[in-house]
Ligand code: GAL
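Only one chain comes next, encoded as structure tokens, the form predicted alone.
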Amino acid sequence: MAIVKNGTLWKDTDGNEIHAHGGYIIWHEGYYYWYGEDRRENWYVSCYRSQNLTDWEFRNHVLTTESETCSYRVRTKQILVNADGSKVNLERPKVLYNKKTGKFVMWVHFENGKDYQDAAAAVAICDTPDGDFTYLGHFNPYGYMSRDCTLFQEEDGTAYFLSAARDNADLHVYRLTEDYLNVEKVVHRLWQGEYREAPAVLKIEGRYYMMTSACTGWAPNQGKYASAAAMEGEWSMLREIGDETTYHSQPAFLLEHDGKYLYFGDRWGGNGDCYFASSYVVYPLIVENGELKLQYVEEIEL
């Protein structure tokens, strides 16, 4: 067992700072794979792996300005670099493994790097969890805006893409196609006008819980959660969780590990140079009488 100290700059097994912001973790063949934003150099998404959630080995910059692009049946714009040579923004990368196709599929929030007017979803694929992903381009699902996002996968392989829409006023839930490369149906348009972002979902004791944050830029705010008996069922009203700053964090993803439920969040350092000082937190999640609770800890043993 190892102790993880919250709000610090975690380092990989080579002693380098981990840059996997707004990320997501999956379990595959004996390893946890952690994907997240890496805005340094010409990189967009980096990947680390671990067997214990504490010792993280850097694997690859899986998506960069030089990644291969490829068209597919969905009409997309395959832009990884602007005409003036500047980088675009690829935020909150989430990855699932599709057992039927044998592909690792990434969904990510796309912006042009100059403003937030594109508000699009982008897709990339790879044959291995830590290989070079091929970028399939960005689009607006059914014409809707798509910003902060996440993925959720059922035990039977059914997958969902969730993202903030209508300038963040609503949160949409889409069922994905069988190959995870397109949206199949708009399942929900949730909490209209309540302006939620940073969604994260986990199934706990047979019930679905979704955490979100308010829209306050880089500053932390009061987290809220809702629950449902099924992803496509009726979701409850939003309830507050944690304190007025969600213990100085914003949701990245929720994870079940060794019979325990964990909240992974970003403690943002702010825009510009401070972005690279952004750190991570892990807090225990507990369900009591059907209510989800977030437990503040300075450090946690994993």
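Source: prediction; values computed, not measured. Numbering starts at 1 and runs along the sequence shown.
As for the form predicted in complex with this ligand, it is not shown, yet the points below apply to it.
Partner contacts here mean any heavy atom within 4.5 Å of this ligand in the predicted bound form, and among 85-93, 223-231, 157-165, 135-143 they occur only in 85-93. Of the candidates W191, Y97, Y72, Y116, Y116 is the one whose heavy atoms come within 4.5 Å of this ligand in the predicted bound form; the others do not. For the chain shown alone, Q250 is a contact residue for this ligand in the predicted bound form, at least one non-hydrogen atom being within 4.5 angstroms. Although the partner is absent here, Y208 lies well away from this ligand in the predicted bound form, with no heavy atom inside 4.5 Å. In the predicted bound form, this ligand lies within 4.5 Å of some heavy atom of W218. Put simply, E197 is close to this ligand in the predicted bound form: some heavy atom of it is within 4.5 Å. Along 128-149, a single residue, D148, places a heavy atom within 4.5 Å of this ligand in the predicted bound form.
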